[in-house]
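Next comes just one chain, in C-alpha cells: the form predicted alone.
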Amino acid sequence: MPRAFLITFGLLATLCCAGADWPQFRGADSSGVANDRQVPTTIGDRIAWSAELPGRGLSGPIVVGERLFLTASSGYQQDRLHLLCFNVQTGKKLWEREFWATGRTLCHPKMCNATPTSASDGKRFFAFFSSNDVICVDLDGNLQWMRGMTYDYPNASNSIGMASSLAIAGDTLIVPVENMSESFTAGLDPATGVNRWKLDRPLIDNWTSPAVLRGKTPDDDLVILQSAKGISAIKPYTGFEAWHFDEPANVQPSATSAGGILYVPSKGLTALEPGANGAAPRVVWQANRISPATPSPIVDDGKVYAINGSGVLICADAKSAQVLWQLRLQVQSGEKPSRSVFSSTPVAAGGHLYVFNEDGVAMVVKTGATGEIVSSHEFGETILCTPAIANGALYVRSDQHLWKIGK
C-alpha cells in the first residue's frame, strides 16, 4: 500500500475520532482540550459508574468509540502488566489481558510500572510500561505483537522509573525512552512493532511526553520532543529533524500547542512560532511568572493556564503572556483545606478546567475574566493520572478504581 495513502488514511482516522474520542495522552492533538460542552460541571452527583481495577496505575484512560482502554500493574515487583477494556456506557469490563514485564520494574514509590499513558490508532491498542515493554493488541484484545525494548537496549532505564507516554502521528507509533544510560526515541511501525527509525537523545532523565504539532497536510505534521537540551521537531514517518530550539526545557511538564504556536516549559513558559520550510522557530515571548510544575500547561480560548509548585493556577493571555488572574487550587477538605500537590495535567471543555490533586480532590474551575472553583468532589483515593474527555463525559482513575462522570 503506498505510503501517501497510509499517511492520509491515518490522518483521516485521527480527524474522525478527534471530536469524540480521546486516543492518547491529552487527546488526539496533545492539547488536553475537548470541543465538548456536555461535560458536567459538577462531579459528585454525576458519577455514572465506577469499576474496580486489578493494580496500580498513573496512566490515563483513552477512549475509542464505545470502548475505554487502560493499563495497570500489579505484583510485589510491579511486574504483572494488565491491559483492560471497558464499555463506556455501562462500565462493564469487556476483556483483560495480562503479561509479564521483561524489563526493569523498579520505580519511585509514587510511581509504578503502569505510568505511561497508552494510545490507539482506531484499529489497535498500544500499551507502554515503565519496564519499556510495548504491547499491541487489536480492539478485542487479541495480541498482535509485543516488544521488550530492554532486550534491544539493555541499559535504557533510570532509578525513578519511566513515565513518558506514547504518541501516534504520521502512521507511526512514537515511543520515548529517554534516560541517563541509553537514551533514545523510536518510531515504530504500528502493524509490526519494528523500528522505522531510532534517534539517539540527550543522556538526561526525561519524563516529558511527545506532542503532535499538526500541519496543513499530513506531510507537515511534526512530533515535538522535549528535553533539557532543547526542543526537536521530528517528521514522524522518517525521524528527520525539521528544526531544533536550543534553549533547555523542563523534563516533567510537556509542551502543548494551539493556533500554530508551541508553548514550551522553558524559562518559565516560552511561546514559539515554528518557522516555514524547516526554519528555526521564532520566540514570541518568554514569561518566568508562568512556570508550570509537574502538570503540563494547557491553552484554551486564547488563554494559557499553568499550575505552579505552590498549587496556584495561573491564567495568562496566550498572545502576550500578560497574567490575567491567579487562583489557589484549594477547597475545604474535612476540617482543613486540601493539599495543593498536583501531578495530573488539567483537561478543558466548555469553558471549564477539570483539575485533580494527588489526594483525589477534583475541582471544576470556571474560566473567564476571573477563575472560580464552581464545584469539587473528594474521591478519597490518590489520583495522579491525566483524565480523558469523550462524548460528554470525563474519565479518571486511581490505583483502585476507574470512574465515569457524565450521563
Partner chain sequence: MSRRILCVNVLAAVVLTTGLDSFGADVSGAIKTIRAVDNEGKGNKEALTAWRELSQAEVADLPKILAGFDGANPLAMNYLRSAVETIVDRSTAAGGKLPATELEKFLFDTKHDPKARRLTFELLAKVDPQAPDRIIPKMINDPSVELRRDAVARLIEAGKKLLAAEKPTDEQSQAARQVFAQALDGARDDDQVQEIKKQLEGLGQSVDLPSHFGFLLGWKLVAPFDNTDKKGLNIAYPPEKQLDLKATYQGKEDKEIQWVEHTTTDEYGIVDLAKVLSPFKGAVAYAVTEFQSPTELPVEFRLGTPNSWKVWLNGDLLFGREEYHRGMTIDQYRMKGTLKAGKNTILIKVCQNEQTEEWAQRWAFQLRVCDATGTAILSADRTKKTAKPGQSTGSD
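These numbers were taken from a predicted model, which means no experiment stands behind them. Positions refer to the first chain, counted from 1.
One more form of this protein, predicted together with the partner chain, exists but is not displayed; see below.
Which one, 280-288, 140-148, 230-238, 315-323, holds residues whose non-hydrogen atoms are within 4.5 Å of the partner chain in the predicted bound form? One stretch meets the cut-off, namely 140-148.
request  = Answer yes if any heavy atom of D221 is within 4.5 Å of a heavy atom of the partner chain in the predicted bound form; otherwise answer no.
outcome  = Taking the distances in the predicted bound form, the answer for D221 is no, it never comes within 4.5 Å of the partner chain.
> Does at least one non-hydrogen atom of G193 fall within 4.5 angstroms of the partner chain in the predicted bound form?
Replying inline: G193: yes, in contact with the partner chain in the predicted bound form.
**Asked** Looking at the partner-bound form in the predicted bound form, is H244 within 4.5 Å of the partner chain by any heavy atom?
**Response** H244: no, not in contact with the partner chain in the predicted bound form.
> Just to confirm, S157 within 4.5 Å of the partner chain in the predicted bound form by heavy atoms?
Replying inline: Judged by the heavy-atom cut-off of 4.5 Å, S157 is in contact with the partner chain in the predicted bound form.
Practice prompt. Could you check which residue among Q252, S181, N87, S333 gets a heavy atom within 4.5 Å of the partner chain in the predicted bound form?
Written response: The residue from Q252, S181, N87, S333 that makes the contact is S181.
- Query: So which of S257, T102, T294, S266 reaches within 4.5 angstroms of the partner chain in the predicted bound form, heavy atom to heavy atom?
  - Reply: In short, T102.
(Q) Under the 4.5 Å heavy atom criterion, name the residues of 221-248 that approach the partner chain in the predicted bound form, in sequence order. (A) The stretch 221-248, when checked against the partner chain in the predicted bound form, contributes no residue at the 4.5 Å heavy-atom cut-off.
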